[in-house]
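Given next are two forms of a protein chain, the same chain in both, each as structure tokens and marked structure 1 or structure 2.
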Structure 1
């Protein structure tokens, strides 16, 4: 699988606040990659580093195998993005906005091209309407049309459903899926809403306090058969060594004073038996129902 984006050991601090902490992840060609975390988890800071709007304290970003630091103009020319709300000219029409932003990219759009871009985001019938008359959802869709005028391979969307009504959220969801499936775009979409990520993404990462908690295929991470198990033992170093040899897991991490395991709920008795056989002193084993429970737990944990 060809790597579209590779982020390695990104760190970013603001005075005494660590916004992003040793964060690594990969986005494959053709992914809709969900970037999930509660508000303040470090999503926007990471995306700004991906777009070279801010520089990491250390770590690296590469697009298609080329360093963003060493090939900034070349790599960014293949990316379209919306950070927060799109900045549009509200007294101008949709088509005029599109033409202006195209000229900023050194392009002159034909009438056919304008119609194509607006039709792709469901706004062809409103091309003559002033943007000031648009709903927030329509402005978001026009913003995406603007970000696509230079035909980027990668689209990065930061909380694209924020402030939208239910219809606007559904429209945005369908647009993301269409851009991916019908137009072959690789998309990174950040959100604090698990259900939105579940409906559009094929791969995802959950970050908390600037660090990765879990990354993988959505179909596996959100499989009802996959359960979060919170494990507390007296001897964590030995436990970690034992868990590395226990194959009935998707992943495990250690946070604060306990292990977090993602595994099949039916294998929990086998896990306990295995730990006991290895002389691990177990203090508690707490299975949760799903990754959604896990995410809720994270978002409520300050």
Structure 2
């Protein structure tokens, strides 16, 4: 596995506040690497350190085995990034914005290239419009065009779905997957929503209060064999006796008004069939990840 990014023992504090604490992780080439953490967990600070916007108090970041600090310009030319919302020059047109940022990568775009890049994000017909007149979604799309204009190997997206409508969120998700699968880009994406990360990332890290809580493959962290399922029925006693018969398939507890089952996610439909055939009236079945619970717990503790 080729290493794309290696962050080692990153530390950053502002006055008395430790924003990032001894954080280490690695991103492999071809990964969609999820960066999960609640707001204020240190995601943004870490991502800014990945982009040399913030210099770590200590620790290091290396891309392709080369220190970012020592090879900043060279490294950055292979990276495309959107940090929070992509703010562009409002008083300039979409084309101007694209050209300016391409220029910073040492590229002079031809008119054809401009059209290609704008068309890719569906803004070809707004080429001459001032960005000030764009909707949030259009700005986001232009921001993507800008961050892809120099065909970077690594794309870093900080909370890319913030402020987007559901359609925009879905588009963004598809774009990330397409960039990764079709164009072989390595992508780092941060979010405070697990399901967003889950849907796109193959590896992920959860950070909390500046430290890594867990890191690994999403498939392992979100193992379907260990899915938590919330079950709510009209007749709990009967349900309980039916469930007893499937202990090979499910372990369960009852709390408050619902069952908490731990079972393989894939076998949930099967279980439901059994319950239905036993005349048990099901009010709701909610498969949940234990990770999500964990994550929610973290969030609620603060």
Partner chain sequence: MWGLLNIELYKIAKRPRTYIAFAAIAAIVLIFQFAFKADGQSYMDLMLQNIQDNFELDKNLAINGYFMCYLILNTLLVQVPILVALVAGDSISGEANMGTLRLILTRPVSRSELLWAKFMAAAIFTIVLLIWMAFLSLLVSTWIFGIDDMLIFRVKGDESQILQIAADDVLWRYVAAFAYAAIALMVIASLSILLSVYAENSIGPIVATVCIVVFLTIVSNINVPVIDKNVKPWLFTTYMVGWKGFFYIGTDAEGMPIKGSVENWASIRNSITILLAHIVLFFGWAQFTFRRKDILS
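Positions refer to the first chain, counted from 1. Quick caveat: nothing in here was measured; it's all calculated off a predicted structure. For clarity, a rigid core is taken as the largest C-alpha set superposing within 1.5 Å between two forms.
The form predicted in complex with its partner chain corresponds to structure 2; structure 1 is the other form.
The rigid-core alignment places the CA of residue 236 2 Å or more apart between structure 1 and structure 2. Core-superposed comparison between structure 1 and structure 2: the C-alpha position of residue 58 differs by less than 2 Å. In a rigid-core overlay of the protein, residue 182 has its C-alpha displaced by under 2 Å between structure 1 and structure 2. Core superposition gives residue 113 a CA displacement of 2.6 Å between structure 1 and structure 2. For residue 269, the Cα deviation between structure 1 and structure 2 after core superposition amounts to 26.7 Å.
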